[in-house]
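Only one chain is included here, represented as structure tokens and corresponding to the form predicted alone.
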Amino acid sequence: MLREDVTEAIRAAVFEELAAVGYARMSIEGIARRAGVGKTAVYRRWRSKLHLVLDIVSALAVQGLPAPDTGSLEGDLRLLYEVTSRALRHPVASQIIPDLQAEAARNADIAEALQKTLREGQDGVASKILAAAAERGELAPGLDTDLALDLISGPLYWRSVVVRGPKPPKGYLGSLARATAEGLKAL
């Protein structure tokens, strides 16, 4: 039986190691050292570095973000943007996400796991926001959910991860929420 505290220490060490050295230079030895365990403890749980990272990235998709419920589409979007913006600016996330994207361009397994993590995590939250807005009569039924998800996620992801801009200026997230809500209503 595997000890859960050791497994959690290894998972935490993976994030630290990814942020410190990136996927390409990350090693099982480095992860084990950070976790305070032997390499065999890592290999008992995962057979390779790739499987370890894929497992952890996939687990993030399951966790997801809680769906906001402020009573309005714009309010839900604003809260989602505030939480997501903070998460994307976290020092570990801001190092790991771009590195994994670069690796995804070279490794189909990482690409698939990263897409699943990003898409399913946001899709679950966005779907709940869209369903609540439709129930309140803020959105028309039969909305193109893929297009809506792109509209919800795209601008903040672009600014935070692709351009890697600084913290959004005061009022930006509220303006983005307002513009996105209007765009969704026009679909």
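Predicted model, so just to flag it, every value in this text is computed and none were measured. Note that residue numbering begins at 1 and tracks the sequence as displayed. Here the rigid core means the biggest group of C-alpha atoms that line up within 1.5 Å when the two forms are laid on top of each other.
Absent from the display: the form predicted together with a further copy of the same chain. The rest refers to it.
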Heavy atom within 4.5 Å of a further copy of the same chain in the predicted complex, from candidates H51, R159, R44, R33, belongs to R159
Just give me the single entry in V37, V57, L151, L130 that has a non-hydrogen atom within 4.5 angstroms of a further copy of the same chain in the predicted complex.
L151
May I ask whether I28, A67 and E120 all come within 4.5 angstroms of a further copy of the same chain in the predicted complex, judged by heavy atoms?
no
Although a further copy of the same chain is absent from this view, report whether G75 comes within 4.5 Å of it in the predicted complex, heavy atoms only.
no
Taking any heavy atom pair closer than or equal to 4.5 Å as contact, tell me whether L18 reaches a further copy of the same chain in the predicted complex.
yes
Heavy atoms within 4.5 Å of a further copy of the same chain in the predicted complex: does L147 have any?
yes
Considering only heavy atoms, tell me if A12 and a further copy of the same chain come within 4.5 Å of each other in the predicted complex.
no
Heavy atom within 4.5 Å of a further copy of the same chain in the predicted complex - qualifying residues of 173 to 187
S175, L176, R178, A179, T180, E182, G183, A186, L187
V21: Cα shift of 2 Å or greater between the shown form and the other one (core-aligned):
yes
Quick one: once the rigid core is lined up, does L50 have its C-alpha move by 2 Å or more between the shown form and the other one?
yes
